[in-house]
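First, one chain by itself in structure tokens, the form predicted alone.
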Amino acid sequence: MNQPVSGFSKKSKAEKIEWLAENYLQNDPNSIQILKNYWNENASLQQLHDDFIENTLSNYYLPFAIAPNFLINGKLFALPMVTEESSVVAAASNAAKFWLERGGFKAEVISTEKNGQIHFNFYGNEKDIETFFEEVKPKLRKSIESIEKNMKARGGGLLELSLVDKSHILDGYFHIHATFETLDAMGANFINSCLEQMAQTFEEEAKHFEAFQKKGTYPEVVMSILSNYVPECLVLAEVSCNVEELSTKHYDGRQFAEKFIRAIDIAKTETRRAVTHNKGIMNGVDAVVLATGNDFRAVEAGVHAYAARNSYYGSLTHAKIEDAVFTFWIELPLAVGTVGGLTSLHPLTKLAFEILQKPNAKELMKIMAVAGLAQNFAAVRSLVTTGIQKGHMKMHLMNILNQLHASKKEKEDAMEYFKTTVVSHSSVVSFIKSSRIK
């Protein structure tokens, strides 16, 4: 029976693997070797990776790819993308090439505010907490002067503080809403440091507020934390062309545009479709987020909350025909950075920024939004014409062949055969079996 372990974090990497093998891997030498196979031969580079997180045993590799031909605001980009899902990079590349010949993508940053809250309980008189907040607000600002000194020197810092009363929803619950500008940094650590210092000042000053002293009722901070919901940190990306330029072998341009718009409207109406629709958008966004060392969990959380901002969950993209012009666009809340975190530590992340021509945070927001729009265009175009599986399964073919341990010759034969044959797992299995019988 497996036993709990103490002091695991203090063990060496070899000792951690030994413990894992003894308790969970039946001392299987193959399992141990798999972990070691993914160590980087460069010891200093491996140590860098080991230091990213706790209890590191090995590295987990994902493909680092490029989607070329993205024309954004008249400038040509090749987008670094990190993902494991078949067809994502191919779809993005195809959409980029399609729109390259139609004027490319336009993108603009609408706003860049980020935010956080000091959450606290207060069960006293509402007027007292309002009066105290107005009195203490300058002191809260002053308390973070040293923390925000460098950020302010660059043009960022704390923007505004406001008191929010939510006691009608949750008894005694209030929070201080703080907005920030963090420029090229994602800003999580900066925001959290500011909030925690202001929370401490808030509680200390409350002890000396006369109205609280008289009634013996004081505000009590529960927690202080940034929010990953950033609807004021917004970017817009769009493409447009005459409907005639959308003609395919299946439909003329207007027919295609109308069917495409109908698909978008369905995603605005039906939540079950919207979730998958938006997941496809995030296939593109997350791939660039990962490649640039940004926090895809934070981005995902904020984006999906934004998709539900109107009390229902709907499409993040929109489309219309106006005066025979088709327009397709997206609005996304994206709090990302080009400095701090992994952006300056991971060698491939540094390379990704070189490939992207060293963008600042606003430029990176535009690039990510364009990646999401391109991915969605490619997906919806497939859905309303040939269907999603034809292209996806073609790209998935190599994964199936690798699962079947196909030889180089078998892979070559299969790739040729399935150029004109529908790909499914069973059809690939049958093909390999018949090849091996011969």
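Residue numbers run from 1 along the displayed sequence. These figures come from a predicted structure and were not determined experimentally.
Missing here is the form predicted in complex with a small molecule; even so, the following discussion is about that form.
- The candidate site formed by R273, T276 and N283 is fully in contact with the small molecule in the predicted complex, as each residue has a non-hydrogen atom within 4.5 angstroms of it.
- Though the small molecule is absent from this view, in the predicted complex it lies within 4.5 Å of a heavy atom of just one residue from A65, I32, L383, L45, which is L383.
- Checking E300, E113, E85, D165 for any heavy atom within 4.5 Å of the small molecule in the predicted complex turns up a single hit: E85.
- Remark: L373 does not count among the residues lining the small molecule in the predicted complex, judged by a heavy atom distance of 4.5 Å or less.
- The small molecule is not shown here, and in the predicted complex it never comes within 4.5 Å of any heavy atom of A369.
- Remark: of stretches 23-31, 50-58, 375-383, 37-45, the one touching the small molecule in the predicted complex is 375-383 (heavy atom within 4.5 Å).
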